[in-house]
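Two versions of one and the same chain are coming, encoded as structure tokens; call them structure 1 and structure 2.
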Structure 1
């Protein structure tokens, strides 16, 4: 007698339908067995993914009520908030107010959407920091690094286009800055501004165009690149932190199904819950406090979202004098350099670094085990230096807030940040590199001598030494299980016949850069050094001294 339920029969029939037509059984079997390592830092990428899902859900809701039009209207006299009644504004701003005060759940959705955008960018930045400092961008993942970097840039674009939609004072000032940046581009800047705004700023076309980019173009590109990113993770297999039994040929962790699926599903609801609580309790982007866009009111405390503050800070630090007229064209270096050149250099350095390191090392092998940041001091120093430059620009973007809150001179703050922008990254690089080298030397000491216990023992000869606790096999493997990278060596510029070697100058430049990266290093402990440190017979003497100490203690107790 069969006990199969109708639901089970339907599920089995559906599964058989897809299996016989698209090979679903093989795909499910392959993905279910996919192993993922378990470490908290891998959740940073998941936070970005789940934040994007929340953005799509809340954005869909907001799209139903937002009117992307710059047509001038008067806000109704019987609508909330009271301060906006009868005020002339665009339909975009009016629909934002209506959504916030008259659509049930509208304000909650707006605030969840905004917090999710901030969390999305924060998780992408921290995720890329983890990838950079652990060397997860090395072969075969260079392409995935570029994909992730492109998602970061698109995230900035998504945030900017969405932030500008309400057409309030803050977003309007941001668009005015954008217009100035575009116009600072030599020769083509004015034409590009005319094309973007559909005429002179602000025009009547920019909000509908930003709306199209925000809800259609940019999200579609991000979604496509996220799919590419996840596919490449599956193809390349996931990286893992060093440890016993972990190598470039395996992955130690849990299978996708059921362990990882259950954990990932639960974590999504954690992220969603946190964002919902933030949206319900923490007010953000209260546009009615600023009013509709008007170019006349300008005051302190006008900052964009945190991920665009670096651009604001760069503009604030640049002196206003460098502006020239050449052949009838105005070259506004006071805008072009801080808004285009400096961010371009910083982002280009970040995007190109994996290829630069691969060229310097000449390493063509695949790497699936991550580095400890201390074991690659130059890379860690470069990463901290780039972060320091961005952090200084972010702080500079809030110089007016610092001045008003701490009763300081805004001019003094600006000059301090100007100095720090050039000196800060250099100091951060040097300090970080020296700290990494010091930590490596500390690791050598631990491997050779073990942990300090604070116990002092006297030998029979009268000598006193501190007792060290040997490392466990896991600890020892972690400290010695990495390969040192040494500078590239090049031969003479001429061969044995006196003929100049081809591309020798290029090899010299590569060697100098390699020396910059790897000349300062601490060699890991070799097996012979480890054997020598444990073979000098002190352990037996320590045990003898401890036994004598115990006898003396017992004798004194009996006495």
Structure 2
């Protein structure tokens, strides 16, 4: 290499320094031109990552001025805002006011921090939806799904602990509700409450404890898991959407350097920029409007951050009857069911789904090409059903706002939501699944008949037909490239010698579930079907290859 300019010389020197010490050359060779596929939906995870970085930066700013103490002070008589002068409050609340009104850029950083927290959670949730509906969680990525899921839970913890720090009326009431939920835990509830608050609610310990969790424990865990998450992405290589030239054996896209360095790096600045502009122009959590925490007042229409609403809604929908006293001990199922059992079930279903689906398909192969959601109708239906349950809980968490806004009675809204919580997911599942099957049928039709051209010709026989333009190979591939998944078949219950097979019962259960998943399906057009449809003439009825019509019986063969 001939180094000519001083700059190139310096660069060469630096490169040599690192290569001879940490073998940088090998790393650069390995990673610099690694190919990443491109799609807008791959940005969702990036947004989560970048808003986390913004949270770290702005959070560090806030720690310089926030005082995590519940010592009571009187707000100075000459400070802003005027309404708070002389009011008794905790140092935590006073320092929040002080950093908002007396630190240049303090209010800005608080607002960016809060908007970033909302964006962080929103992007995690939508990222997770993308992964779910495209089947990106399939082998070998199940573990990364679990890592991502854990980050979601930790994100809830980060948001909750942060929201509680300013010690205003709203955050104090959030803690009050937490205390009530914790107390309902059988046997140890009261002791758990003492453990959290260091004695009776609210005590003087909770803010310092939340502070440690919020700025150290939770972010450190999130950071570590993000590192694992990213390493696994590199190990697995990114999934890609189906398309011509893309297969399960390759990855098609642009090289990390320079394209992704510029795009992803640039996108960090975009996210930061948007959050900064939001922080500059949109007020959020103006705690001086609520005042310092006091156990007595509470405002109607006060809302927690959106990612907590599902819990609020769950608590609201539950009727009070199931609180029982058994042998002198109280079991508050009216609190435990909505606050622990229902979120527990929904989240467990979410975390365990990849393993369930792997069991149901019996497929042990790796999957690197994403599914179009319509091609997996049952999964898509299950996903929409879980989502519907969450959305109904979120709406129920705003039922007072809905009531005042639409002039309805809270009682009737609550009853409607109670009903919808059970019926909604079922309806959503059925409708979504039907919709997916219909879309698949449309795809088949398109492959078999081609595009409509709007041009009508008349045959000698007097018959009119519309001319259809056949798809090109590239167009067709997207519609026929996927592999049909068929229900697992189980052998007979007895072996050749008439002895009952041991795991037969389990196999039956498995095959039932597999049938639930894959019995209704529309298979992609095969070359012979296409050839046959051409042979029969364009305008004939397409034969549908749906298994419930008994056309397909061959069992799938898999390793």
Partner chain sequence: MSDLTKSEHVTPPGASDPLSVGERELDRFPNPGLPEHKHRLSDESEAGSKRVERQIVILFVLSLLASIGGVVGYFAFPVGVTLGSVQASTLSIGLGLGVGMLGIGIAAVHWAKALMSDVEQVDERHAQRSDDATRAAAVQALKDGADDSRIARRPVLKGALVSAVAVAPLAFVVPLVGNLGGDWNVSKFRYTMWGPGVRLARDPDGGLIRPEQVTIGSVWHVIPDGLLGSEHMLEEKAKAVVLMVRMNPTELTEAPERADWSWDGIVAYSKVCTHVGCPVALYEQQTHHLLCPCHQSTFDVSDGAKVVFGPAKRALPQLPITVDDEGYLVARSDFTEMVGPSTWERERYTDLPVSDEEKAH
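For clarity, every value in this text was computed on a predicted model and none was experimentally measured. Residue numbers count along the first chain shown, from 1. Note that the rigid core is defined as the largest set of C-alphas that superpose within 1.5 Å between two forms.
As for origin, structure 1 is the form predicted alone and structure 2 is not. Taking the core as the fixed frame between structures 1 and 2, we note the C-alpha of residue 12 moving 2.5 angstrom.
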